[in-house]
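This document opens with one chain alone, in structure tokens, the form predicted alone.
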Amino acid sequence: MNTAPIIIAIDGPSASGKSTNARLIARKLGYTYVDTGAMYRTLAWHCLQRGVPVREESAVAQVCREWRAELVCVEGHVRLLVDGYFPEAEIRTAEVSAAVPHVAAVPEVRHWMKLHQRDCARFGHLVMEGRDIGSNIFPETPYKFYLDANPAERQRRREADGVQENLAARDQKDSQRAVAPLKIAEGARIIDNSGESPEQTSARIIAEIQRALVGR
């Protein structure tokens, strides 16, 4: 019998619905939820707190080597603590959002994140969402999904969240970075959820997962 943790990879660009759907799927299946974007945001926040210029790759890499960060699982949700603190609200500011693409493009940061994100498997079955889960973090998992929606829908969602973000510019930065760019992983199921509710999209994904799990 296969006892290895099941890893469900949910990738996609900003405002594609991956966070909302990943949380719904994790809750419905009883799996642990991992928001990898929050991990990058936490590092970006930490750099800003320390006055580190996020556009200076060497400075960000140095912070990543030295920060006291640890992963914990609280009520089915993996959190990245810094000095024992989880900056849940602080990492959602516009300032942090603007800093994240620069921090996420640093190769040493990507390496650190990959090691720690793969280590999340120690918490059991996972629903992990991000931009490179199926292509880089867990390329071996057969449960890969790439969520997307049309540009107008994505922009509407962002604005509904009260976030001002140039999605086209963010997509370009994410897809063109040298290390682990945003792309559709080989074997991923592409889901365009334009006009769908999160409940509809998550139900589609769960149905596919349950079919794939038969006979595992």
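Don't overthink the numbering: it's just position in the shown sequence, from 1. Nothing here was measured: the structure is a model prediction, and the numbers come from that model.
Although not depicted, the form predicted together with a small molecule is the subject of the following passage.
The stretch among 76 to 84, 95 to 103, 138 to 146, 119 to 127 whose residues place heavy atoms within 4.5 Å of the small molecule in the predicted complex is 95 to 103.
Annotated contacts: Ala15, Gly37 and Arg170 all touch the small molecule in the predicted complex [non-hydrogen atom within 4.5 angstroms].
Interface residue remark: Arg41 is counted as part of the site for the small molecule in the predicted complex, having a heavy atom within 4.5 Å. Within 4.5 Å of any heavy atom of the small molecule in the predicted complex lies no heavy atom of Glu153. Contact check for Arg110: a non-hydrogen atom falls within 4.5 Å of the small molecule in the predicted complex. A residue is said to contact a partner when one of its heavy atoms sits within 4.5 Å of a partner heavy atom; Arg177 meets this definition for the small molecule in the predicted complex.
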